[in-house]
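Below sits a lone chain in structure tokens, taken as the form predicted alone.
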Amino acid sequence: MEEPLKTHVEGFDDQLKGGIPRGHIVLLAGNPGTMKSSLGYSILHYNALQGLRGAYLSLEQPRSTLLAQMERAGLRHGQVQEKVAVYDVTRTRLETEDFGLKKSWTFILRSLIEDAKRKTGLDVLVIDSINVYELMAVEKDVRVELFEFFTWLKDLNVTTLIISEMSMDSGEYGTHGLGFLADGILHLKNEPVDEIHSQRRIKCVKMRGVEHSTDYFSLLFRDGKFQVVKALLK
């Protein structure tokens, strides 16, 4: 059996019995401001330092903006650029709309992923975010499109982290049944601890095939590294 993919979040892989099973599709779900993108990129970054190849598909923000954000956080792309490809899918999306090719956009996205795997091999994939994918999936019913997309991803046999933006007034980790389609869900949230302060937390909601902890942990980020500690109680 292959070793699981480590999140490289200090203290959290122990709660996952070593990490994420290879080939799993995992939602990184949370409200805005919970560092979902940073966590996804961090997992790519530190696994690349261990020799694994990854790709980050940004469907929302330009490549330059994303990399500048990661640089400020201490995750320098120059350290891993031979192992981690960052695709600016926002440009592709706008170009296909300009030329009346909106209906072929999801096909183009799949082609990018297949091309990355064919050219360099692909161990880890991050898609940011599934919410944008849903907006662009206009060829079929969204539920059907998402089911087919997840089935296609499973056949790729690449460990995939999919960022899911949760609305502030909903407890759903993903719309259109995404929580059932995914093999795992990591929930990130900002939890108020008093009238002024809040605490960023993470929990493994589910991870198929793993007897994991279901507790929330405080999620800290310092000097380019994530770690978890026992959550403070109110």
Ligand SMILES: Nc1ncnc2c1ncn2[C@@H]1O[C@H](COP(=O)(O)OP(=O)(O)OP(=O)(O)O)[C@@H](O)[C@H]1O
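Quick note: we count residues from 1 along the sequence shown, nothing fancier. The structure displayed is predicted, hence computed values, not measured ones.
Not on display, but discussed next: the form predicted in complex with the ligand.
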| property | result |
| --- | --- |
| Stretch in contact, per heavy atom within 4.5 angstroms of the ligand in the predicted bound form, of 47-55, 201-209, 170-178, 34-42 | 34-42 |
| The ligand in the predicted bound form reached by all of Glu60, Glu165 and Phe221, non-hydrogen atom within 4.5 Å | yes |
| 4.5 Å heavy atom contact, Ala73 and the ligand in the predicted bound form | yes |
